[in-house]
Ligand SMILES: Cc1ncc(COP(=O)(O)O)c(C=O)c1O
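To begin, one chain is listed below as structure tokens, in the form predicted on its own.
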């Protein structure tokens, strides 16, 4: 049996390795600082742990089919109606809903180059042509060039915002001007996986715009600020007709009962979320200051990670840090040959990282 012809060239998404895999491969005995997958280093909320413990006795039952309780909780937090919310097994699944419900084989999508790899992966899976538009020189989405790339066949534009892996953002003025120019027949998918970490009031928040623009779909996740990466829970927000159509292609019970209960619990734990967002803000500022003092280029970020250009020492530094138990994300696959992406860790992890980079530089001197 042969797969569909276009799948032969598909390379699966390269996920970050687990702590167990890393320990086994490198034979590390000391502490390991996993700073490569933008996970929440605080661990899950205590309320989530309690909710999961209480739910274990119910896992032989299907969850609530409509997920109304969680959609209502999300609606309350973000001032939207439950009918404007759809849940997914991670926000990735909602991206796939969009392909299933709206994008045909003769359509095209536009993505920035580089950006989150799954946009292009889904396009390959469904045999859809992808048009790539290079980032601007400041590593922001080039909205002007994206508009020029729009054709009658363009069905969707995918924008990760803040951008991954650079952490760059867009302003209200430039994005709303862009929205006005995009044809109504073309969806704009604003992937705000890192939206909870945005501090700058000049940076757009799609949840405040979708009611005015019927072709705007906003994606959010519980994997980052809410500490539920392992349970795979995400949601999309859009006007009701879009949500209704996405629900038509959604599998029943696509979100499991543990993820459902965990999502409800963490939304009630605002102190946990605030604590982590502050940790990211403080750690981001600390790492930027310290690494710039060491002479490295740190790109401005509004996410829970930073991209750092380590120049000619990048590969050697990465390998050195790996042996010392620091797992960072190389960015060759994104076209940044001399840069690494660093997830903001705990205060202990951030300080230990800077100390080890200093040790590396001393050895090189």
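Numbering follows the first chain given and starts at 1. On a predicted model such as this, the values are computed, not experimentally measured, just so you know.
Form predicted in complex with this ligand: not shown, discussed below.
Using a 4.5 angstroms threshold between heavy atoms, residue 116 counts as touching this ligand in the predicted complex. Using a 4.5 angstroms threshold between heavy atoms, residue 194 counts as touching this ligand in the predicted complex. With a 4.5 Å cutoff on heavy atoms, residue 160 counts as touching this ligand in the predicted complex. When contacts are judged by a 4.5 Å heavy atom cut-off, residue 112 does not count as touching this ligand in the predicted complex. Residues placing heavy atoms within 4.5 Å of this ligand in the predicted complex fall in a single listed stretch, namely 185-193, out of 127-135, 276-284, 185-193, 205-213.
Think of it this way: in the predicted complex, this ligand has a heavy atom of just one of 71, 261, 224, 141 within 4.5 Å, and the residue is 224. A heavy atom within 4.5 Å of this ligand in the predicted complex is found for exactly one of 232, 155, 121, 100: 232. In the predicted complex, the residues of 72-100 lying within 4.5 Å of this ligand by at least one heavy atom are, in order, 90, 91, 92.
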